[in-house]
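First comes one chain, alone, set out as structure tokens in the form predicted on its own.
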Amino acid sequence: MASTNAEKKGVPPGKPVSLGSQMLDKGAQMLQSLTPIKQMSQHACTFALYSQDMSRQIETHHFVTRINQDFLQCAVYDSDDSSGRLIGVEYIVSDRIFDTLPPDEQKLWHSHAYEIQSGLLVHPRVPEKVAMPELENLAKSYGKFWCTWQTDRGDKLPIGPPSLMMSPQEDIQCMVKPELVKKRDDKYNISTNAICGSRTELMGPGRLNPMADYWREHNKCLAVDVENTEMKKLTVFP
């Protein structure tokens, strides 16, 4: 019965964690450095849309590692509690770096200016004044977000190829649903509208690169498909 209830909550199928595994986990936490994970220094909460279906919108939690001032990498979860599931990864680059990318690569990226200026992206429990320098940088940045686990449709395991995600924009077809924003705001006791009002001075890039947010100019999305292909072999393989 316990596993059935867990599955109803979207927990992957599987046996309960054994005592031996628990002991190993505790021991590893004490003995291993886990250095890459410990470099995560921020938690940002925002929203994302599936590029192939803008009506599918999700709340996302980005746990951010700063590689340098122009590059961030984010492990993306569907919540910030202990049962949060790793649903994807986002890379964030400054406008300076983005402008150096080839056009075919730029098509995969989205802008962040509206997402920041509208108050949709927040750093939970961090005062706005403290977060403001980072928000100024993010407003001029671009992101590439691949979703690998579509928990919003009830998938209990990561199924199928990754989906390219888009950022919210002011265009009516990709504005975030009010009920999603309210649910997030209630959780953190914040007001997105009030936050938006406090960010009127935030500026995006001097010129949004037209290759980002590719769908806006072309009315087409980019999606991953899986196909059979010839394997490159080092030796004869039966």
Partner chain sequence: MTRQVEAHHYCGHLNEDMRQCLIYDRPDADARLIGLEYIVTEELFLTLPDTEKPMWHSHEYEVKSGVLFLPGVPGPVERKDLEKVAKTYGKTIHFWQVDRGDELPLGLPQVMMALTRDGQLYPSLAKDVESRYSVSFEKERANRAYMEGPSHGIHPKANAAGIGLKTVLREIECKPSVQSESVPRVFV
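Positions refer to the first chain, counted from 1. These numbers come from a predicted model, not from an experiment.
The same protein has a further form, the form predicted in complex with the partner chain, not shown here; the description that follows concerns it.
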query: Hey, in the model of the complex, is Pro162 touching the partner chain, heavy atoms inside 4.5 Å?
result: yes
message: Would you classify Asp225 as touching the partner chain in the model of the complex, given a 4.5 Å non-hydrogen atom cut-off?
response: yes
field: Partner proximity in the model of the complex: Pro36 to the partner chain, non-hydrogen atom cutoff 4.5 Å
entry: yes
Touches the partner chain in the model of the complex: Gln57 (any heavy atom, 4.5 Å): yes
- prompt: For this chain shown on its own, do Asp53, Trp215 and Asn219 all sit within 4.5 Å of the partner chain in the model of the complex, going by heavy atoms?
  reply: yes
The unique member of Asp99, Glu128, Glu105, Glu136 whose heavy atoms fall within 4.5 Å of the partner chain in the model of the complex: Glu105
query: Going through 145-173 from first to last, which residues have a non-hydrogen atom within 4.5 Å of the partner chain in the model of the complex?
result: Trp146, Thr148, Trp149, Leu157, Pro158, Ile159, Gly160, Pro161, Pro162, Ile172, Gln173
